[in-house]
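Read the single chain below, which is given as structure tokens and is the form predicted alone.
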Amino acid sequence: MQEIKIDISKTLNFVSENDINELKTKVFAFQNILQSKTGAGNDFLGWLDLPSSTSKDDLSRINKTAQQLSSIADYVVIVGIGGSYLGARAVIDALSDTFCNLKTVRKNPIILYAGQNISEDYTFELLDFLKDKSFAVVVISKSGTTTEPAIAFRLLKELLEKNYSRDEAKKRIIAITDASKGALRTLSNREGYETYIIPDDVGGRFSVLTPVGLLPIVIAGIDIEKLIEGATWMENRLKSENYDDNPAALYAAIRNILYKEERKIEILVNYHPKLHSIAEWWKQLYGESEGKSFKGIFPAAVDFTTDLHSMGQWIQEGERTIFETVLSVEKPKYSVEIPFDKDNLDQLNFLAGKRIDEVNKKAELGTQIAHIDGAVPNIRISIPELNEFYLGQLIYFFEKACGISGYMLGVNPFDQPGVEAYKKNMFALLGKP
């Protein structure tokens, strides 16, 4: 069985093996606290055994809902912000054809997003585009009152009810919300929307393997059974109390050692554009989990080789407060060879006959060597290929490592008290009674 793997060899110029081994007892003590659900935030640990506890009946119902929406809508708008959409978008972008939305023949609805910003221009253009289209809405909000998605849903609901009969509009709205309370639950019960429950013990940034993520993902035509299978495989693997068999514990240990060495910024690097949204999901997962009590590694991300032409100089020679975690896909889905050109004006005939991925891999290795020479520690996470099984592994790996790492930092990784500050100011400025 192949699996994602972690390589820390390019950190050993900066972190000693003795430091890693000395930390082992502490790392696995925190893993046991996490696994036994006895630590801070233990009422939000439902994600720990979520993969293995997801039943075939659960997945069957989600698949059925997706098929129903696909039969009536050409576009499905996912309404949510933060954890309510980032995980789904990460998987969808990673596993979809980059240009699927431009193709005239499609098997699945086009996925659009709303409620992830408060931009008037974005909202106008979305509504203007949808006004003569066949569309449906999946609205995701535990409370139903989060400002960004609530505004977007109010407008999309109005457009649906204008374009269709009231009964037809109801069929085109799926609500993923609290089991018993909140504005969206009240509206769903009154209108008769089909609903899915956001579990009380799963926080938004850990919710991608609940209906919050799974329903949008399967609407896009992605196999959620394989995604859950990969996550379940990793769930079982990460119960080990040995670094060699537990990459999440090793990742958490290395991050914390580097943090104590004043490496305050972690840059998640990818060499595959389909992983851009994985990085956006990862930034919320780690930023919201660890950034508390004036502690925490700042999560940043870059897309290489693209950003080597913009951020490369700073990473190479800027302030040495950074380390990199590189996501590397071992096997691309397709094969494209560089052709021979008789004029050779670009001086690239030495690459003729080579696959583009070979050039990409050499760019990765060359960059890694340069950055290590520039005193930037590098962790490498290799992904055998981009498919549902390995993405399921990667998601659970990052989630488990985040829990362990947060405890090691001395914070509660499962709350987010600071996110309310801007809302209070915004509402006061808007004159909310």
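Predicted model, so just to flag it, every value in this text is computed and none were measured. Don't overthink the numbering: it's just position in the shown sequence, from 1.
We do not show the form predicted together with a small molecule, though everything after this point is about it.
Chemist: Within a 4.5 Å heavy atom cut-off, is E288 in contact with the small molecule in the predicted bound form?
Modeler: Heavy-atom contact with the small molecule at 4.5 Å: present for E288.
Chemist: Though only this chain appears here, would R89 touch the small molecule in the predicted bound form if you measure heavy atom gaps against 4.5 Å?
Modeler: So R89 does not count as contacting the small molecule.
Chemist: S328: heavy atom within 4.5 Å of the small molecule in the predicted bound form?
Modeler: Although the small molecule is absent here, S328 would stay clear of it in the predicted bound form, with no heavy atoms inside 4.5 Å.
Chemist: Given that the partner is absent here, does R185 sit within 4.5 Å of the small molecule in the predicted bound form, heavy atoms only?
Modeler: It does not: once the small molecule is placed as it appears in the predicted bound form, R185 has no heavy atom within 4.5 Å of it.
Chemist: Just give me the single entry in N246, T146, T210, N256 that has a non-hydrogen atom within 4.5 angstroms of the small molecule in the predicted bound form.
Modeler: If I apply the 4.5 Å criterion carefully, the residue I get is T146.
Chemist: Between L250, L215, I81, I222, only one gets a heavy atom within 4.5 angstroms of the small molecule in the predicted bound form; which residue is that?
Modeler: So the residue touching the small molecule in the predicted bound form, by this definition, is I81.
Chemist: Looking at 137-145, 291-299, 236-244, 328-336, which one sits within 4.5 Å of the small molecule in the predicted bound form if you count heavy atoms only?
Modeler: Partner-contacting stretch among the options: 137-145.
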